[in-house]
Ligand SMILES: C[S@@+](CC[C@H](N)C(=O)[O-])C[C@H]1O[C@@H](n2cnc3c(N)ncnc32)[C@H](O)[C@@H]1O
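In structure tokens, the next block holds one chain alone, the form predicted alone.
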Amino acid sequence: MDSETQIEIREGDDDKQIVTEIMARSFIPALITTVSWEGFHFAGYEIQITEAKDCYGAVVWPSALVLCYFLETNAKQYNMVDKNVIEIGAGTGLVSIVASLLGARVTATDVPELLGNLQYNISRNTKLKCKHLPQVKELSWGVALDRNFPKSSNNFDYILAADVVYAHPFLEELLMTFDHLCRETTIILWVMRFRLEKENKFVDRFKEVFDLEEISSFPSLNIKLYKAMKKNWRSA
């Protein structure tokens, strides 16, 4: 067996081990209640998330678990304490909740029809637990960005995004939104599950505006974790 094959096998084993650990952070409640929920263990807390089964934007996807796990296990390198963080496409709010529990000032955003469930989950899981009370705001990609998020007041240290690239017609608006929210030193932490060729093309388009670094890869899930910053401003 050559050394390259040995490396591939070892990386495959590491992938399976880490993915198993990540997925073990979720659990189903033993008792059925009037409001169905799914449980997760992150940042030292049990987090209860209510999903909206009729909308894929309000379901916890594996990419969100990957990003939550990364934030928790890399808290020293990517310190969230007192950092200004915005999550785009927050969905159920799990990532925003974990960032809040880790000490960040979080703004969780999504389209109007998801805000009610998003606010419910965030309030339920952060009240009296977080240093900074998270905010929930409407953000439709590419829409009224200057009015709702004026560049003069955008001071986000981190932009978080989990599985925001999927089969929808707003990828150019998504890129525009990333660009608008970024200042020179903003770090994007973006987890993406590859399903369609269109998504590969979006990565190429993204690289035209941002320096993109692959931090982790999980082949068994077709998921990659990226770090990005605006071109020409990335730290050495």
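Here the structure is a predicted model, which means the values were calculated and not measured. Throughout, we count residues from 1 along the sequence that is shown.
Keep in mind that the form predicted in complex with the ligand is not shown, yet the notes after this line are about it.
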4.5 Å heavy atom contact, residue 187 to the ligand in the predicted bound form
no
Touches the ligand in the predicted bound form: residue 59 (any heavy atom, 4.5 Å)
yes
Partner contact for residue 89 in the predicted bound form: the ligand, 4.5 angstroms, heavy atom
yes
is_contact(residue 145, the ligand) in the predicted bound form, heavy atom dist at most 4.5 Å:
no
Interface stretch in the predicted bound form with the ligand - options 78 to 86, 103 to 111, 147 to 155, 125 to 133, non-hydrogen atom within 4.5 Å:
103 to 111
Going by heavy atom distances of 4.5 angstroms or less, which of 45, 37, 170, 194 would be at the interface with the ligand in the predicted bound form?
170
Heavy atom within 4.5 Å of the ligand in the predicted bound form: which residues of 120 to 145 meet that condition, in order?
139, 140, 141
